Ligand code: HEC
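Given as structure tokens, the chain that follows is alone and in the form predicted alone.
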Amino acid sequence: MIYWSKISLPLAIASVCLSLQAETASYTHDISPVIEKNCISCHGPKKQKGGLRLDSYSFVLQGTEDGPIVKLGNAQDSELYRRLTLHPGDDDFMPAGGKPPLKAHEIELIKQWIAASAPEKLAFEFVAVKKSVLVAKQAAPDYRPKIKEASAKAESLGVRLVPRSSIPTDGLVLRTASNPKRCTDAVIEQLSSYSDLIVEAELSRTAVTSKSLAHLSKWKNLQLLDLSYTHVSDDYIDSLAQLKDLQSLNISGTQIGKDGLAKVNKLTSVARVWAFMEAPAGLLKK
């Protein structure tokens, strides 16, 4: 039996009220127009850069010769979402050719559509975060003085640290999807030297365990933490309460039980928790 829970909790940043509003969206009315506006010139009927065509739902799911660009229910491991959230200077960034990045709410729409298993006809729930006032608080210190050093260290460990945006105070994203099993508790410990710069940690399917939570709980600027399909258990999960800016937590397919879920529910800064608690057969075998 698969258990899923989405827990909506209060979200506050720098004493500025944010409201979470659940809306409904659909591929036809919301996702397709975003793709049409930003992607079809390079991936449409006349041109299919990289062998990718995006002018219909079936083409989007078809992907390229290298495989699908959308992994149903898993935005973090979807190539489409990965490329949209790269630094604009990255060779893999989309849209390419100097075109402007998608707006934040457009990327969030695509992310939540994929997380909802990318329905074609059915509406999906879209949780929009609307700010009552502009938030001046920076996400992290300016990464420019340390970006080369941090990137080189991450590469030597088999993971990646990439800017979340072209704004140097938007922080870095820890990516592991290219070889998740290389990311271990030891890697997390070694990256702690740059923890103040890291705002998102995508650790899905990595080899991390609950031991890493002791280090992650000190990554004070962390906003998104994906621990899905890892060996993380109830141990130390309550230490994440130290992360005052943590907004999104994915614990799907972990070994967290009822006691751990109760602790997660007390993480008052977290707005969204994803918790498919039964992993696919054999995925978590050591």
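Numbers for residues come from their place in the sequence shown, where the first is 1. Not measured: the values here are computed from a predicted model. Rigid core here is just the name for the largest C-alpha set that superposes within 1.5 Å across the two forms.
Only in words, not in the display: the form predicted together with the ligand, which the text now covers.
This chain is displayed alone, yet in the model of the complex one of E108, E79, D196, D185 has a heavy atom within 4.5 Å of the ligand; that residue is E79. For the candidate set L240, I251, I31, I69, a heavy atom within 4.5 Å of the ligand in the model of the complex is found for exactly one residue, namely I69. In the model of the complex, none of the heavy atoms of A118 sits within 4.5 Å of a heavy atom of the ligand.
Looking at E149, you'd find every heavy atom of it more than 4.5 angstroms from the ligand in the model of the complex. Taking non-hydrogen atoms only, D92 approaches the ligand to within 4.5 angstroms in the model of the complex. At the 4.5 Å threshold, heavy atoms of L216 stay clear of the ligand in the model of the complex, well away from it. Residues with any non-hydrogen atom within 4.5 angstroms of the ligand in the model of the complex fall in just one of 47-55, 242-250, 222-230, 256-264: 47-55. Annotation: Cα of D259 displaced by less than 2 Å between this form and the one not shown, core superposition.
Superposition on the rigid core between this form and the one not shown places the CA atom of D90 2 Å or more away from its counterpart. Superposed on the core, the two forms differ at K99: its CA moves 2 Å or more between this form and the one not shown. Note: the CA-CA distance for K258 and W113 contracts in the model of the complex relative to this form, by 3 angstroms or more.
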